[in-house]
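Below, in C-alpha cells: the form predicted on its own, a single chain.
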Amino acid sequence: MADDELSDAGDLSGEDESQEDVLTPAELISRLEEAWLNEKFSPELLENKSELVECVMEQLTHMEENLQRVKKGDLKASVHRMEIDRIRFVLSSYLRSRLQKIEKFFPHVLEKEKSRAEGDPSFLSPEEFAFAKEYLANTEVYLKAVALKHMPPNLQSIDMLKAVPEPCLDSFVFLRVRERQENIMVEPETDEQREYVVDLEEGSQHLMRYRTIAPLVASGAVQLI
C-alpha cells in the first residue's frame, strides 16, 4: 500500500540537495519504521533522526495536498487517508518514545551529549536538547522547593547522575540480522559459563543482551523487533 499511496508525491531526498542518497517516499517511510522500532525496543536513547523526521513531515504535507485533489467519495481518498494516519501514528510514537526516555534518563542523556567527541553524531535534536535542559532545571527547582530546603545544610544538594538510574544496557532484546556478522562476543550469563563467539547470519532472529549488539544497532547491521 505504501508504494502506491506514496508514489503520487514523487521521489524525495534529504535536506541537502547535494546528497547522493535519493530516497523514494516508500523507502523514506521504511526508514522511519526502522528508526521507530529501534527506538521503541532499545533501552537507551539512540542517535536522533531529525532530518528523517523533517523529510517525513514534508512528505505528509505533499500527501495531504494530493488528497485535496481527490474527488469526494472516491475509494482512493479513504485508502490515502488511512495511509496518512498510519504514518502520523508511527512518527508520533517515535517522537513520544524519545521524549519518554529523555524524561526518564535526563541527566545521563545530557551528560552523554556533553561528552560526545566533536564530529560525532548528536543524540539529541536542538529541540530535544532544549527540552532536556529545561526538564533538568525544573526538576532541580521542584526538589529544592518541596524537599531539599527542609533538609540539613549538608544534605541540601543532590547529584542527579547518581539519583537517576541509568538505562539498563544488560536487558535482552529481540533482533533481526540485516547484514551477516562474524565473531560476536557473547558474555556469560552465570559464573559457570565462559564467553563465547557467535556468527549472526543475515535474516536470522535472536534474543541477545542489548549491550552486546548496541554497536550493530547504531550501524544498521541489525534491526530490533
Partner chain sequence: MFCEKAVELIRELHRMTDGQLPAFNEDNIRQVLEEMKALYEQNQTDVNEAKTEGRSELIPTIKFRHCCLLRNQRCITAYLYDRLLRIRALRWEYGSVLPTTIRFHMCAEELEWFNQYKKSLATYMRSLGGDEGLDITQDMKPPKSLYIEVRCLKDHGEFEIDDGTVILLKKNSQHFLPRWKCEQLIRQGVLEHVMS
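Positions refer to the first chain, counted from 1. As the structure is a prediction and not an experimental result, all values here were calculated from the model.
What comes next is about the form predicted together with the partner chain, which is not displayed.
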Query raised in the report: Applying a 4.5 Å heavy atom distance criterion, does Ser78 contact the partner chain in the model of the complex?
Result: yes
Query raised in the report: Looking in the model of the complex, any heavy atom of Leu110 within 4.5 Å of the partner chain?
Result: no
Requested in this report: Please check if Pro153 has a heavy atom lying within 4.5 Å of any heavy atom of the partner chain in the model of the complex.
Outcome: yes
Query - Distance check, Arg86 to the partner chain in the model of the complex, heavy atom within 4.5 Å - result: yes
Report task. Report whether all of Tyr135, Tyr142 and Val146 sit within 4.5 Å of the partner chain in the model of the complex, measuring from non-hydrogen atoms. Result -> yes
